[in-house]
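Have a look below at one chain only, the form predicted alone, in structure tokens format.
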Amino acid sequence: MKLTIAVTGLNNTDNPGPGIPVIRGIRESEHIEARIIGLAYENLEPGVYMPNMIDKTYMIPYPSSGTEAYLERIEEIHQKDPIDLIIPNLDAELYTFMKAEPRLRELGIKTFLPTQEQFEERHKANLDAFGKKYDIKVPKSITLTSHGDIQKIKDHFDYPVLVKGKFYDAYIAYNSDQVANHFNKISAKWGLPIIIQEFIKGTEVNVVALGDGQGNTIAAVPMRKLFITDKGKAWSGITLNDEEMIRITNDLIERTKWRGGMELEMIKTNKNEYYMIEINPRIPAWVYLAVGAGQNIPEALVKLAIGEKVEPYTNYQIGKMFIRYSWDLLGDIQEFEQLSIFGEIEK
């Protein structure tokens, strides 16, 4: 099948977006012939310049510019270069795309995203209620909406604690001064509220999964991070044989009827207890590990989005590893200038 697919999240740096791994999965599909449109927020996003990845790139405004301005740019691109499907890959975009789903559908642009209810109830600030509703162990947490709230922490937690932004970033704090520093840094970048979460000792493990919106798990691959950057991102990881992680994932997708990609972040304690510390409502940047292990989640998501029936994956390769690395990508100043001046570039 021939499709034009637009993808965001092209910032393939030490804090990588999922865009390029998603594109790699689509490119490797034997069933999809895709023309890939990159939607870039910055003219130095490395994914724009990587060879054999993106056919044409368009600059788009940040979602913070306002929903109308954002969607007008999407419509402008669609009129010039008709899009069959958009795969947004960044948390900050998702609400805009979910809200605009009917409008995009009228234009002939498909998406495959969680519902607004699914998106809201798994939010970090709502994790306590989410855990109770779905019988999942979660760390205790409170939300801070001002500097004055920092004094509340001593009434609820012993240090250390985790300080988290509503979209991204998480830091360990060992005292109130460190909480204040992290509060300032995160709120300046992502706004309020700030989430304070109980620190659970153990091993961080993750699952990348895909739900069909009917309660069925189409794909699920668990992994353990082997090396973590100072930004908390996995720089290497390995797939695991962990039936309990798969059970938790299947049960959650069945009960929530999750629609789209997701990442479950858990802590496995020394007592073999699993605590859900975060649920990311989109495909994570390490999804290419799942592709390499035998579950091409980007391909399956595309098929679901266009209404094809997709049989669930039942196996994956255990012990498959990924290792990220730095690479000097050489480009031409004309490409940079074209993107900067005209807001688009064709490879």
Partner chain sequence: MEKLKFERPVINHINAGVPDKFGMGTAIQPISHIDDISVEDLLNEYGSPLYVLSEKTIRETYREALSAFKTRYPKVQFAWSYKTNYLNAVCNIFHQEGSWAEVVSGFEFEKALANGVPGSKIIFNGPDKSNEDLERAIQHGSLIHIDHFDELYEIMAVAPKTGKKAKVAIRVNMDTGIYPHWDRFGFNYENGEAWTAINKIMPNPDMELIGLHTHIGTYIMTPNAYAVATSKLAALTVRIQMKYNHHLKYLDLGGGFASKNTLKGAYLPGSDTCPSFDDYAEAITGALINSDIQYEHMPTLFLETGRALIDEAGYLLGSVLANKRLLDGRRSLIIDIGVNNLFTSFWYEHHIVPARIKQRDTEDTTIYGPLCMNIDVIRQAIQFPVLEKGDRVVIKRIGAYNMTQWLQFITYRPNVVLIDAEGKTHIIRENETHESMNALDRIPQHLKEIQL
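Because the structure is a prediction, the values reported are computed rather than measured. Numbering follows the first chain given and starts at 1.
What comes next is about the form predicted together with the partner chain, which does not appear here.
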* Looking at the partner-bound form in the predicted bound form, is residue 193 within 4.5 Å of the partner chain by any heavy atom? -> yes
* Look up in the predicted bound form whether residue 43 has a non-hydrogen atom within 4.5 angstroms of the partner chain, and give yes or no. => yes
* Quick one: does residue 135 come within 4.5 Å of the partner chain in the predicted bound form, counting heavy atoms only? -> no
* To do: Determine whether any heavy atom of residue 175 comes within 4.5 Å of a heavy atom of the partner chain in the predicted bound form, and answer yes or no.
  => no
* Structure fact -> Answer key, the partner chain contact in the predicted bound form at 4.5 Å (heavy atoms) among 99, 105, 156, 231: the residue is 99
* Kindly confirm or deny that 66, 92 and 95 each have some heavy atom within 4.5 angstroms of the partner chain in the predicted bound form. => yes
* To do: Please name which of the stretches 305-313, 281-289, 35-43, 318-326 has residues with heavy atoms lying within 4.5 Å of the partner chain in the predicted bound form.
  => 35-43
